[in-house]
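The data below hold one chain only, encoded as structure tokens and taken in the form predicted alone.
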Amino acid sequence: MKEIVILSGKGGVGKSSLTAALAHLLTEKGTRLTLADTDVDAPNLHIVLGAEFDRSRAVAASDKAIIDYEKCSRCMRCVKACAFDSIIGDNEPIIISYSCEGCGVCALVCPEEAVSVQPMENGKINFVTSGAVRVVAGELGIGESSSGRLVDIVKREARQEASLNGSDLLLTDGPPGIGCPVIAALKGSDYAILVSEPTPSALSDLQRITEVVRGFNIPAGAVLNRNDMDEKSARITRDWLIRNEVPLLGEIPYDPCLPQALARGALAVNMYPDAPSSLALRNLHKVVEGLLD
């Protein structure tokens, strides 16, 4: 089974829409695939796909400090030791769960061993289905941290799901940015598709995500979305890709049909199959099919 991850250093460049369209087109041509939505801060791949909810389960992807008040002597050493100001109080220590990093210093300094660090439920994994496509999606609780660990769990669950249903491909919709969640989404991938658009900020983020992917020796190619937004910026992006030996897998024009379809909870490749963006996506899907050989 191949693993391809779709990333964008910059948010809002159409990564999830592209992932959903590719999944639909690949399945249409007979590829058996499982989708992993690892954008755990804002999972919406199932919405783009119009998928049906199957089941959900809570996961513990974070460690938090817990105080046993029956043992606590109220010495307040834990309050003084916490570098994150996550334990407050004048007469009794109180842990602010949202900001606790689970570092465990409070447990080390407690003379009564009243503080411990324990796994805490801070998110969930949703299993949804869209036609023949199985989607495993992570969802971080509001205000919670450790999104990288949750992404790791989502990928593990998605691999298991893909193995059970005999998938040829695990296609991952990665989180935006270049941080820990992105690295967790990259882990184990055979190829990375980097989505960008012709703007200076998108090019800057494309350069950063390319550096991250190369740090893990994972081959990558780029997709230039909304390529006709600005010809000068598009030319600069293409030149940068050539100079840095990043293959340009495809270009997708700005097309009002795409947001119109999304507004109706549908995919443009379905609703407007002859639209310019749909034709470009069909060409791109043939390139991605070639990556599976």
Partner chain sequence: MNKKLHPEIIKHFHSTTFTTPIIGVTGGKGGVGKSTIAINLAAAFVANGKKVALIDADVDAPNDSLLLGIPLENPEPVTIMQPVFDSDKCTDCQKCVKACQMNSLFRSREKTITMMGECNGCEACYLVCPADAVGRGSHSVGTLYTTRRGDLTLYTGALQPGLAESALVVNAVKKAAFADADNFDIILVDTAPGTHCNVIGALKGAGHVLAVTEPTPLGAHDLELILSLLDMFAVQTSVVLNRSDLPGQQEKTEKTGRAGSVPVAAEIKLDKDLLAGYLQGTPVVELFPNSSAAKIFLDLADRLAAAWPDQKTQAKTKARQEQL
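Residue numbers count along the first chain shown, from 1. Rigid core: the largest C-alpha set superposing within 1.5 Å between the two forms. Computed from a predicted model, the values in this text were never measured in an experiment.
Not on display, but discussed next: the form predicted in complex with its partner chain.
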property	result
Of 189, 130, 167, 145, the one that lies within 4.5 Å of its partner chain in the predicted complex (heavy atoms)	145
Sole residue of 47, 66, 248, 60 within 4.5 Å of its partner chain in the predicted complex, by heavy atom	47
Close approach of residue 219 to its partner chain in the predicted complex, 4.5 Å, heavy atom	no
4.5 Å heavy atom contact, residue 211 to its partner chain in the predicted complex	yes
Its partner chain contact in the predicted complex: residue 24, any heavy atom under 4.5 Å	no
Residue contact check: residue 242 to its partner chain in the predicted complex, 4.5 Å heavy atom	no
Residues of stretch 167 to 182 in contact with its partner chain in the predicted complex (4.5 Å, non-hydrogen atom)	176, 177, 178, 179, 180
Core-aligned CA displacement of residue 156 at least 2 Å between this form and the one not shown	no
Per-residue C-alpha change between this form and the one not shown, residue 142, threshold 2 Å, rigid core fit	no
Residue shift check between this form and the one not shown, rigid core fit, residue 124 Cα at least 2 Å	no
